[in-house]
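Quick heads-up: it's one chain on its own, the form predicted alone, in structure tokens.
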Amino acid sequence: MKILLINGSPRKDSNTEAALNEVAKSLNEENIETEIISIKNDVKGCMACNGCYKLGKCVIDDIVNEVAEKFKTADGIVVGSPTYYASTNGTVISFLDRLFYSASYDLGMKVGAAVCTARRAGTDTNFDVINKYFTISNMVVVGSQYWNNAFGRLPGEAKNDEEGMQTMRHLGKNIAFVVKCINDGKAKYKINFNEEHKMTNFMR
């Protein structure tokens, strides 16, 4: 079992990285393999060209395609983003737009979780934006004892946010539990969606 953790902060030793490290530590304690991937600032936005439908991957061959290959076999993904102007880092949005738009495989029953950091405010919107990628993809969203937030301004300062770090540890434990339950359930139960996917427009 493996969980990918996406670090959407461009800063070295960032608060987002500190929060993700705490999640990963809890996952590792539960014998879940983890990989933290930093996406930096070099991700272009989606062009909605639909080229991925033909290629089976994004036409822009960068870290998005690298992560997509790993995501295919992973049990879930944790997306960490700093909060800029009361919402998600623009690089993270570009990354997620292309990752989820171009994914040519079933994401159903994979686990998803958002981790948000900020100096003071705006994490609620950040949290909501990231979670929408999971809920449109038949994924299972995992929460914690509080919203998955940690607070700090200077690099690594979030480590001093005792509640935030505890929330991250609790999140890791919850993810591990849910992933194990899903894997056990897949061996015993099968969800059969036999309906053709209907796509309708509001304007005709």
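A residue's number is simply how far along the shown sequence it sits, counting from 1. Quick caveat, the model's predicted, so the values are computed rather than measured.
The same protein has a further form, the form predicted in complex with a small molecule, not shown here; the description that follows concerns it.
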Heavy atom within 4.5 Å of the small molecule in the predicted bound form - residue from K186, R11, K25, K180: R11
Looking at 106-114, 127-135, 93-101, 80-88, which lies within 4.5 angstroms of the small molecule in the predicted bound form, counting heavy atoms? 80-88
Would you classify K72 as touching the small molecule in the predicted bound form, given a 4.5 Å non-hydrogen atom cut-off? no
Please determine whether G152 contacts the small molecule in the predicted bound form, using a 4.5 Å cut-off between heavy atoms. yes
